[in-house]
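First, one chain by itself in structure tokens, the form predicted alone.
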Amino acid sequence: MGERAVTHARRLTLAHLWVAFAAFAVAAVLGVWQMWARSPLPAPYLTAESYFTSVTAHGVSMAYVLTTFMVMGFGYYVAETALGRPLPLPRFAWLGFWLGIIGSAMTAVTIFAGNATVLFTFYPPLTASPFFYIGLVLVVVGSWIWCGLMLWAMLDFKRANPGVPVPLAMFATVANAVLWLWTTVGVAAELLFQIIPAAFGWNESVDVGLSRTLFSWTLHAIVYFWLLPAYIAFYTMAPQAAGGRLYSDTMGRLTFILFLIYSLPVGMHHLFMDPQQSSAFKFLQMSFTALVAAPTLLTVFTISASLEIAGRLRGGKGYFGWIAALPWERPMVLATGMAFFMLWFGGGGGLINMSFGMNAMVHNTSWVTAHFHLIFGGTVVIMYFAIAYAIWPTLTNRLPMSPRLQRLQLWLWFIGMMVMTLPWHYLGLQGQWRRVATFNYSDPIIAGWGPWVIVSLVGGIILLASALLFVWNLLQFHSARAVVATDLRPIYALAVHPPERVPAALNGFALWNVLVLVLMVAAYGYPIAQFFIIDAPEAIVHRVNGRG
């Protein structure tokens, strides 16, 4: 598996990933300007409107465009290379791609026209131009096509290979597709039945409590849609890159199943400070949220064991000698170590966010921004880099010109992310709020924040340098020396004990979809139904336009 050159997926993957990383580069520039705007240093072009336009564009580019196109492109690559079969129905894959392109363009034009300063979380009763939302719906519809193709590819493989385990990389990719289908139900319902009618002027008021509850359905699970490609790389690519084997294929399958069933019924912990839901349901979802730590702990154990195998095969001795023996010069291994380090800090912050009492202390402060950026911008995005470096030789039939520049880019990203986010954690504990354009640093209470904000800005500048170097590194592949694709080594790790057969529950998702349905009904059944049972107050729609 993984030895054959990709066919349909080569062009599909390159197209999707270049769109993803182009959006990422734009978002990196906007992110640095936003930190500049919030610092004591005078920033150019700064108005409240330009700031929130930038924040909306940054959030949409990173949370929707980068992630969706990255997940889809990587999924097409995995479907062909892991299964060793041509991608089914490639025309539909291109249809999904162009729907995403059209939707992204519509959204971008609307944002930069000043008609969508509602951030990527929408914030009703603020209402953007309807074309902003329709563009995002097209991106989601394109991703649904991808989900269908991933399911089709897996079922096609199982029909052709009865009783054979689906390769772990593909099993995990389909788990993410199933997760995404469940995840988008909440935001799709909010957009189609509440926000888009309000944006067109068909409704003059909106039930904000219902909107926020529906979005909470999506708000946390979407993070795992972003995260799962990183975990696919942890399980199927990092052990191979390190020169070892995966400690346990079964652990991997359990991890992706647990992400599916635990990450969905937990979004209400984002509503701890909202009055529309009872404490009982908040406590229920807080408890469910604690379970999300289980698949991450399984992963830390399994991947650490896998890397220990590689280190000892390379001559590592003693309790920790295997760590030094690992080939840290290889980008995938280096990125995995950095991702785990950032996951430690980001995950620790998440445990605080999910606790009702501690959440009250950090709610709507820079602490939340730090947690989010360490998990997504840190652990997730650095593994996106590593995945790109690992698969670009196969996609281009070319080898990198300078692996040293790849390592430099990863180090810059890691250092920049830590320098940027650690001050945010401190400032959050000091009460610095988020979602504001500027601070009055002449206020003696706020003045002490200034040096820390400047430190974060320095981290952002380092991140921008890393982002631009990443794009440069990928461009270098296309002008490097051509090689024969079959000369490239397989990128997927074998397990210590490769499974010949696995239980049906670990080779498909029928059972787990039933369990997800039960959990979602328990977690969201009454919290959503109450808005139709009780005559809840609604807020007057405020439409955003180019005049602010």
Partner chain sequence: MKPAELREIDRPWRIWASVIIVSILAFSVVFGFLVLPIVQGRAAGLDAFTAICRAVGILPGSPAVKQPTSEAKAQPTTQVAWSTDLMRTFGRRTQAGAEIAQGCVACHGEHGIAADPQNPNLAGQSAAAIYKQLHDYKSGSRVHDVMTGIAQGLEDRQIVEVATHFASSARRDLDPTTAEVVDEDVIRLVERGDPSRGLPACNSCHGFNAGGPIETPTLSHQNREYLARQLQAFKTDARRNDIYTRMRSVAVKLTDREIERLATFYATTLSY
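Numbering follows the first chain given and starts at 1. If you're wondering where the values come from, they're calculated on a predicted model, not measured in any experiment.
What comes next is about the form predicted in complex with its partner chain, which does not appear here.
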Only one of 47-55, 62-70, 491-499, 24-32 has residues with a heavy atom within 4.5 Å of its partner chain in the predicted bound form, and that stretch is 47-55
So in the predicted bound form, does Phe345 come within 4.5 Å of its partner chain, heavy atom to heavy atom? no
My question is simply whether Ala280 lines the interface with its partner chain in the predicted bound form - judged by any non-hydrogen atom within 4.5 Å. yes
Should Trp328 be classed as touching its partner chain in the predicted bound form when contacts are defined as heavy atoms within 4.5 Å? no
Applying a 4.5 Å heavy atom distance criterion, does Trp18 contact its partner chain in the predicted bound form? no
Give me the residue from Ser456, Thr394, Asn115, Thr183 that has a heavy atom within 4.5 Å of its partner chain in the predicted bound form. Asn115
Of the options Trp226, Trp449, Tyr262, Tyr389, which one has a non-hydrogen atom that comes within 4.5 Å of its partner chain in the predicted bound form? Tyr262
Could you pull out the residues of 331-361 that have any heavy atom within 4.5 Å of its partner chain in the predicted bound form? none
